[in-house]
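Encoded as structure tokens, the following chain is the form predicted on its own, with no partner shown.
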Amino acid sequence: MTDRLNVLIVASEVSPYAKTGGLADVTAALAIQLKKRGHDVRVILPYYASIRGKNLPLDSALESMCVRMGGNNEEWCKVLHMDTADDVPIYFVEHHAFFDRSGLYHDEAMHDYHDNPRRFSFLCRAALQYCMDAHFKPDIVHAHDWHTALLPAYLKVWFWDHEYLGHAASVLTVHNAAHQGVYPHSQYGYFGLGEQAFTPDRFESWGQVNILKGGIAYSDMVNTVSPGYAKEITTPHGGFGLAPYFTAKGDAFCGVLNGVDYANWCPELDATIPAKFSVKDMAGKAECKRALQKAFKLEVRDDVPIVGAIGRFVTQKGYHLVRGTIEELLWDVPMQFVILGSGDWENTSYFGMLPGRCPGRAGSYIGYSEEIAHLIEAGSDFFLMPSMFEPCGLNQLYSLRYGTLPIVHATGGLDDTVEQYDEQTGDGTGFKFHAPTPHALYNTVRWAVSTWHDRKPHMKMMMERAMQRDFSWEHAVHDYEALYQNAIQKKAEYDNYHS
């Protein structure tokens, strides 16, 4: 057991209160595991309008709190509090003008809110103001993505000698390096960091402000969410312009693989699926498959495999590759296909109409349903993730536990966590393709389907092996504890150098 630490986690989303993607799952699960390990962990996020509608059992932690921003701006807010079922304290920053809106980051037309840099710089300052007003002395301030990447800068610029914040080490977790928080320089004054921080090695980028870039510079430790992605984003083509800045961190940059919440994603415990099953008794998986076929109006057949997919319809996720080949696959190969997702118009329109073009063989659900997501994981034989890049990925980890073999583009966390099938020995836990093209995807799906039809013993071996792989947070939390200790050491070295 490592030393007990006071940990402040600040994020733009935390499951189940506010969620658009894997970030919310990671922040929630990490906090729970840190608490189980004996640390005093506190989580801070905005009090969005969507959270207000959940009628949570909240009390007032700070009835009125003044947050001083740049340009002599003062923002007044309230901090609400509740403890989760796992005894993790959650604090919501209530500021109606910034957070009482229909969306987290954008309006219903998917247009980003123009004041996002103000909204999230305020969140960062409010989180630190809470520490001061509540007399909480964090050892670690853990920021997540660009939305909270100003925290490390505030600690070093404003609070380096503060009674409660002066000794805090900062960790910045980059969940996706493509999203950097790049805004016009006119937004920078509100941050209150001074022009001395607006330099090419910190926040300045082609005359604009790049929030993630500055956060990388000021953080004591930076990590991303898989070792493979950590390597990729230090290459010229993989870092979205930030490769030199990740590289410059040296041993203060690393990859830590995300964990999985098996309390929520485990076929032995899953109350949302028609039948539970385990590696020792797989009968329930066949029942889930039939239920999935009925739910998506597919032909109810045991003699063809189902390839499932769940995701956001954005370029990163690679569904344009699927568009380019799925109908050919459905005509050429004895298989079925189901997809759940939403996003850009082109993919939404295509997959929404796919069942009409391939009746009985393809099904789609446009939108998101947690229950249907679980049914796809449980009832499919294969799970397709064609991401162009993938920092970690969670669905392939869920799929492994459900005995649903992943078919993935060998990138980032997908490459780290899926073992390539060996047709000679039967080893492996899935199927990987290396070229991000429709042709490569087509051939790899055909390979997987032919294995299902022609090499049943290999399928059984892989399913059993996949279901026994352990990517639990109980393992990942130890890596984060080590990361925190490294951050504390880096902070001490920084303080000694600047003293």
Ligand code: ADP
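Quick caveat, the model's predicted, so the values are computed rather than measured. All residue numbers are counted from 1 along the displayed sequence.
One more form of this protein exists, namely the form predicted together with the named molecule; it is left out here, but the text below deals with it.
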*82-90, 98-106, 312-320, 281-289: which one contacts the named molecule in the predicted complex at 4.5 Å, heavy atom to heavy atom?*
312-320
_To verify the annotation, which of these, 257, 375, 394, 335, has a non-hydrogen atom within 4.5 Å of the named molecule in the predicted complex?_
394
*Considering the named molecule in the predicted complex, which of 403, 181, 341, 363 comes within 4.5 Å of it through any heavy atom?*
341
*Could you tell me if all three of 150, 220 and 241 have a heavy atom no more than 4.5 Å from the named molecule in the predicted complex?*
no
*Close approach of residue 367 to the named molecule in the predicted complex, 4.5 Å, heavy atom*: yes
*Any non-hydrogen atom of residue 19 within 4.5 angstroms of the named molecule in the predicted complex*: yes
_Within 4.5 Å, heavy atoms only: does residue 487 come near the named molecule in the predicted complex?_
no
*Contact flag, residue 23 vs the named molecule in the predicted complex, heavy atom cut 4.5 Å*: yes
